[in-house]
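One chain comes next, on its own, written as structure tokens: the form predicted alone.
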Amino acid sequence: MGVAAAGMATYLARRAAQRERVRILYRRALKDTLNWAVHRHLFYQDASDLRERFEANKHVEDLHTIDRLIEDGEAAFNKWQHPDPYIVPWAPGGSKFSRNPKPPEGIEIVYNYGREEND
């Protein structure tokens, strides 16, 4: 592999890593936007504004500028992250998570209430 090919491979690997960081940042910011917006019509506008902010830098090609933009975006996200994010109730950390644990061994559950056969 020549020097030019090695340089190109390094460039492509770095660009792939940057794309992944931007994708993760966008998804995290979009999910956090849903925490701040109480109503869907507010969320749609905020999501559209967020997308425009990402699209504004879509055509930047300089690797160092891209790294700086990603770091600035991550810093802004960490600064403005919602202090009490919404958690789906049945997900880990949610209010219903493990609310109904499995019954202990030896307990029989009858699912046909009122239709049990009389012995």
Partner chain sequence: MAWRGSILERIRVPVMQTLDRSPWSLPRVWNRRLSSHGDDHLEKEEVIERVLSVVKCHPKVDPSKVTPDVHFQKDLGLDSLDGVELVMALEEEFKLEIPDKEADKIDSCNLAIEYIAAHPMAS
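Residue numbers count along the first chain shown, from 1. So that the term is clear: the rigid core is the largest set of C-alpha atoms that superpose within 1.5 Å between two forms. Note that the coordinates shown come from a computational prediction; the quantities given were computed from them, not determined experimentally.
Beyond the structure shown, there is the form predicted together with its partner chain, which is absent from this document and is the topic of what follows.
Is residue 105 a contact residue for its partner chain in the predicted complex, using a 4.5 Å heavy atom cut-off? Output for residue 105 is yes: heavy atoms within 4.5 Å of its partner chain.
Wondering, does residue 76 line up within 4.5 Å of its partner chain in the predicted complex on heavy atoms? Residue 76 lies outside the contact set for its partner chain.
Is residue 70 a contact residue for its partner chain in the predicted complex, using a 4.5 Å heavy atom cut-off? Output for residue 70 is no: heavy atoms all beyond 4.5 Å of its partner chain.
If you check in the predicted complex, is residue 24 within 4.5 Å of its partner chain, heavy atoms only? Residue 24: contacts its partner chain in the predicted complex.
With the partner left out here, if you bring back its partner chain in the predicted complex, are 9, 64 and 80 all within 4.5 Å of it by some heavy atom? Not a single residue of the candidate spot has a heavy atom within 4.5 Å of its partner chain in the predicted complex.
Can you name the residues of 49-79 that have a non-hydrogen atom within 4.5 angstroms of its partner chain in the predicted complex? In sequence order, 51, 54, 55, 58 come within 4.5 Å of the partner.
For residue 80, decide whether the Cα shift between the shown form and the other one is 2 Å or greater, given a superposition on the rigid core. No, its C-alpha moves less than 2 Å.
Cα displacement of residue 91 between the shown form and the other one reaching 2 Å, rigid core superposed: Comparing the forms between the shown form and the other one, which are aligned on their rigid core, residue 91 does shift its C-alpha by 2 Å or more.
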